[in-house]
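In the block that follows, a single chain appears as structure tokens, in the form predicted alone.
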């Protein structure tokens, strides 16, 4: 019983960690800009593909350098997308934003097929984390600990940024009252560019980090963006702690579903989302959207 509980717990934390990193970027972008970004999943997929391309069969230092390089490239792609396209739809209706970002989603998917083809790829984890770890009689992949550690580091980094820095104060002000923030002299377009770039960076980082755990292939963009939106909705769009809580709930729901009803496991995450929305439409830690 104890080994099984440890394996399940590590599995939940690993799944939740990957979901948290990508969902944190999504919820930051929506919170600061009220922008629904379907193309967020594309940044995740590009992070994974770039990791496989840059790292190749290398492990050790080359792998970690590939993670950094893939994350930076995706962040630069995000900055370019924001400057050229997204800043023109910030004040549009959500339907317009959805159409624009869905168009980007399709374009990025076609480009991925052109550059990487339709075959799945794999990435080798660093040699130090390529094996198994035994704790209390439980054996699980050592690389799960890397994903969990990355999520903790991202969570702590975002907390310091948002709670202990001037930039974080401006980001939180942009979530609550962007008009007053801009009237006070803050360059709101530049802040939005930074926020969108940060969201893309987190998505790219998540894709690069989980690449050794998944089959890197076309279609992973659509699956992750659905999961990320569910996590963000459960936690509350705009709330980073909410994204962490939502990721844990979804990770637990998937694990419980796999144990209780394997053929219906995918339904459990939707049931969790429905239950939360019925009880609290703005999400567990979300702030209700302002009405004009």
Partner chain sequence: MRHARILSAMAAASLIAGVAACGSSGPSPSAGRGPVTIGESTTLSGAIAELGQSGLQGVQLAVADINAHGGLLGHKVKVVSADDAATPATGASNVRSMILNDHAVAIFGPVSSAVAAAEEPLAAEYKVPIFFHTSNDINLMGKGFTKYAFQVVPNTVMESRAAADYLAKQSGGKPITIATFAPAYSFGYDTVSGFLTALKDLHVHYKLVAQEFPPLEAPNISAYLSKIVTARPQYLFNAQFGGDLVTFTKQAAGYGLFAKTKVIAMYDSPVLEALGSSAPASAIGFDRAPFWAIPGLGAFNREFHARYGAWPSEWAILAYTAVQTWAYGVKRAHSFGGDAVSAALAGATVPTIRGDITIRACDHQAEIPEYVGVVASKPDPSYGEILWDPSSLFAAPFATIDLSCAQVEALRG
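Small disclaimer: the values here were computed from a predicted structure and weren't measured. Positions refer to the first chain, counted from 1. The term rigid core refers to the maximal set of C-alpha atoms that superpose within 1.5 Å between the two forms.
Not pictured, yet referred to below: the form predicted together with its partner chain.
- Among 183, 80, 113, 135, the residue placing a heavy atom within 4.5 Å of its partner chain in the predicted bound form is 113.
- Proximity to its partner chain in the predicted bound form, defined as a heavy atom within 4.5 Å, holds among 123, 75, 151, 158 only for 123.
- For a residue to qualify, one of its non-hydrogen atoms must sit within 4.5 Å of its partner chain in the predicted bound form; all three of 7, 11 and 119 qualify.
- Taking non-hydrogen atoms only, residue 53 never approaches its partner chain to within 4.5 angstroms in the predicted bound form.
- Residue 214 belongs to the set of residues with a heavy atom inside 4.5 Å of its partner chain in the predicted bound form.
- The closest heavy atom approach of residue 139 to its partner chain in the predicted bound form falls within 4.5 Å.
- Although the partner is absent here, residue 218 sits close enough that one of its heavy atoms falls within 4.5 Å of its partner chain in the predicted bound form.
- Residue heavy atoms within 4.5 Å of its partner chain in the predicted bound form occur in exactly one stretch of 158-166, 123-131, 196-204, 183-191, and that stretch is 123-131.
- In the core-superposed comparison between this form and the one not shown, residue 65 has its Cα shifted by less than 2 Å.
- The Cα shift for residue 226 between this form and the one not shown, taken after rigid core superposition, is smaller than 2 angstroms.
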